[in-house]
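Here we start with a single chain on its own, the form predicted alone, put down as structure tokens.
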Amino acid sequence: MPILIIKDFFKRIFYNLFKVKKKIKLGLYGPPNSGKTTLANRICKDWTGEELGKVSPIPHETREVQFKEEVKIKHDNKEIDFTIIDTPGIATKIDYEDFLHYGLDVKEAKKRAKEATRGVIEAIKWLDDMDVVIVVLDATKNPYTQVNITIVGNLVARKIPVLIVANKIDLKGANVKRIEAAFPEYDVVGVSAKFGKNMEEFYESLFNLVKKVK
């Protein structure tokens, strides 16, 4: 009996040393139309049955930070309570004329451009509240952009743990290795948020990321 008590004691000590923070603020960042909201919706639907936000082919559909609390994700007999925070797409320049190609009239295009600019500023401000960040990139596009470098640079400056998701691997031309080569110091996981492909590996990577939270 004493041996069992000692074993139980050390088991509790080990658990307390390595257990992760109970509540984690998880931010999704990336350029416009990389699939941040689609991934946020996939995560929330997987674990709460509800989606988080509206998805659209028009850039900057998400122009305000939106979040969902108490998203309890389970993996490998562990459970973590996340707040999923979906942020507006980061862009160095937002021109209202770009929206005209999607059928918006001039008034609506200027309104969206103004809201999108405010959204970028808001997204950057929210970085200070994040415990971990997922940078969502379109795997069919060139990762070597000023926007992507700016996003990662801001995260490095704040010492926030980062996981890079190469999204849209279901599409022709998707190249996860190109994203891995662009950011070799980070874990990269390829997924199709739209179809739920490779989400198990994503959740495993997410739990490994949370271990880095101090």
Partner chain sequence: MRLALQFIPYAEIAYLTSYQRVKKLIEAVSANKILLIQGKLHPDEETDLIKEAMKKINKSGAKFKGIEIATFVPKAKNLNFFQSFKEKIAVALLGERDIFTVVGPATIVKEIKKDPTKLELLLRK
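Positions refer to the first chain, counted from 1. Being a predicted model, the structure only gives us computed values, none of them experimental.
A second form of this protein, the form predicted in complex with its partner chain, is not displayed here; the remarks below concern that form.
With respect to its partner chain in the model of the complex, the three residues T92, K114 and I149 uniformly fall within 4.5 angstroms at the level of their nearest heavy atom. In the model of the complex, its partner chain sits within 4.5 Å of a heavy atom belonging to G153. By the criterion of a heavy atom within 4.5 Å, K72 is excluded from the residues contacting its partner chain in the model of the complex. By the criterion of a heavy atom within 4.5 Å, R158 is counted among the residues contacting its partner chain in the model of the complex.
Of the heavy atoms in E97, some are within 4.5 Å of its partner chain in the model of the complex. Picking from 115-123, 78-86, 100-108, 131-139 the stretch near its partner chain in the model of the complex, with a 4.5 Å limit on heavy atoms, gives 115-123.
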